[in-house]
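In structure tokens, the next block holds one chain alone, the form predicted on its own.
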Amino acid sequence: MTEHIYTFGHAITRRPATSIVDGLRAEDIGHPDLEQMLQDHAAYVSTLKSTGATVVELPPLDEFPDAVFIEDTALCLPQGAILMRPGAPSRLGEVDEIESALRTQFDIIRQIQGPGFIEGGDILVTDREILVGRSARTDAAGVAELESIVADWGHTLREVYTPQGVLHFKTDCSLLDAETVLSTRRLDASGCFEGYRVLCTASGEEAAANAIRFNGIVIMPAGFPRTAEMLANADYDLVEINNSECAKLDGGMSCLSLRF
């Protein structure tokens, strides 16, 4: 690759649907406010565009309440896109909905056929490897099938494990640059980031770990001042976006876009 894996010219997003109140959640901490979520989503899209990237904004899908979390449906790599097979049965239909949009952007499309399952939220792509976390949404068979596909494209995949009770691997981590990962302490303690520089979120601010490095900026959820201060002191250019409503559905910054 001639550019870092966090250098993007394009992104695909999907607007939240009115059915978002029926979205999946590990713990019921209240229904999301659609109007607030729409405002936050617009700010997110605007921030992506501010870097010069082209953003395809797809319409909402009322029949799929979780479709705003578009990252789970596919993995976009320089060689092509790979359609995922979500571990939540209610989300399987989202993959068919994203395929047509990806075909306008990629010449090569592969697909996880099963019987295993895998979601994009469990996949962290770095310059040196693809880390895939086993979780309640991603199983060994899904990881093995993805490994077979990406090996054909020259990528190394390494299977790791998501902490107990954490929905996705990237719930607890994100890539900050070619050598640096932002992580919760509980995930870093597993040793999965050996060889990387790791910056850990402040105690009580674990939800800040799901950020995205998008070109020259790090987009992170608002409301985590100590982690934000740490990142600013490490010379990262931050944009903080309210995530109060997506958080009610276990969603974060990475979940809201496919980036390539």
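Just so you know, these numbers come straight off a predicted model, no measurement behind them. We number the residues from 1 along the sequence you see.
There is another form of this protein, the form predicted in complex with a small molecule, and it is not shown here; the text below is about that form.
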### Message
Whether residue 66 contacts the small molecule in the predicted complex should be assessed with a 4.5 Å heavy atom distance threshold; does it?
### Response
yes
### Query
For residue 255, is any heavy atom within 4.5 Å of the small molecule in the predicted complex, or not?
yes
### Message
Within 4.5 Å, heavy atoms only: does residue 150 come near the small molecule in the predicted complex?
### Response
no
### Query
Does the 4.5 Å heavy atom contact test between residue 251 and the small molecule in the predicted complex come out positive?
yes
### Task
Name the stretch, out of 76-84, 99-107, 162-170, 184-192, where some heavy atom lies within 4.5 Å of the small molecule in the predicted complex.
162-170
